[in-house]
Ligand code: COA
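As structure tokens, one chain now follows by itself in the form predicted alone.
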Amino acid sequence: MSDKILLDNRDGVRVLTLNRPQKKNAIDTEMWVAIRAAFRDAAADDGVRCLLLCGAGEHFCSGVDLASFGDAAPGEQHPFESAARAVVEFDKPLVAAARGVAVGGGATVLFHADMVYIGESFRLRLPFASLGLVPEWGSSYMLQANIGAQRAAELFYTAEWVNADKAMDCGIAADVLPDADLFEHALSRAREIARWPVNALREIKRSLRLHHLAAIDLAIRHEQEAMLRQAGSPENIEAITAFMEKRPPDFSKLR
């Protein structure tokens, strides 16, 4: 297991900590592989009755480390896809504790958590439109399912920052805590869940997710196809060039 992912067992709760604080826990190829293994192992281990996902340091996750997408060999599928599937298919309760930034994949993973607790410093952004890209991780479906179509459309189309109060108001989070209290509160709730028998928890999770799975699968497949069309497109290149040049992107002349 990579030291960029920390695992700790606490009374039936497995705590998975993204541990790359110097990069705001941006997820690279090594971490995707470790995340995939951690979720599969937690699913298979009857001693784990709940998984708690959090980030080391002041931030939850700044998203995908774009530089890592050059790591896969030609023709080889990037491990992001199978890691995302491992999270989607996880059949036990998943609790998340997030403070600081949650951007891109660092935000969309939260939509698959059963309960999300956030700190007062929490700020979420779905930057896909501003990058000339599309959502991922089935988020084009899951965010609508969680907060409604209009609110989801607003966040995707505007790529605006969402603070803790708005995240709570629109239903992304179950509760907002002072940053200093966030982890212990989320752990306490996870421990409450972990008191119950593992197979009952599995069946409840399956019951809650069953009617979503076909829609999530369809969303993921469409997102992957759309991402292949958009990655490297003139829109995407202009967005990346503008970022590197520290200027606002200009999409007005692109068709």
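Note that residue numbering follows the sequence shown and begins at 1. What you are looking at is a predicted structure, and each value in this text was computed from that prediction instead of being measured. Only the largest set of C-alpha atoms that superpose within 1.5 Å between the two forms is called the rigid core.
Omitted here: the form predicted together with this ligand. The next part is about that form.
- Note on the interface: of 199 to 207, 212 to 220, 38 to 46, 57 to 65, the segment with non-hydrogen atoms within 4.5 angstroms of this ligand in the predicted complex is 57 to 65.
- Annotated contacts: 22, 26 and 243 all touch this ligand in the predicted complex [non-hydrogen atom within 4.5 angstroms].
- A heavy atom within 4.5 Å of this ligand in the predicted complex is found for one listed residue only; from 86, 174, 145, 131, this is 131.
- This chain is displayed alone, yet in the predicted complex one of 96, 164, 101, 152 has a heavy atom within 4.5 Å of this ligand; that residue is 101.
- Comparing the forms between the shown form and the other one on their rigid core, the Cα displacement of residue 239 reaches 2 Å or more.
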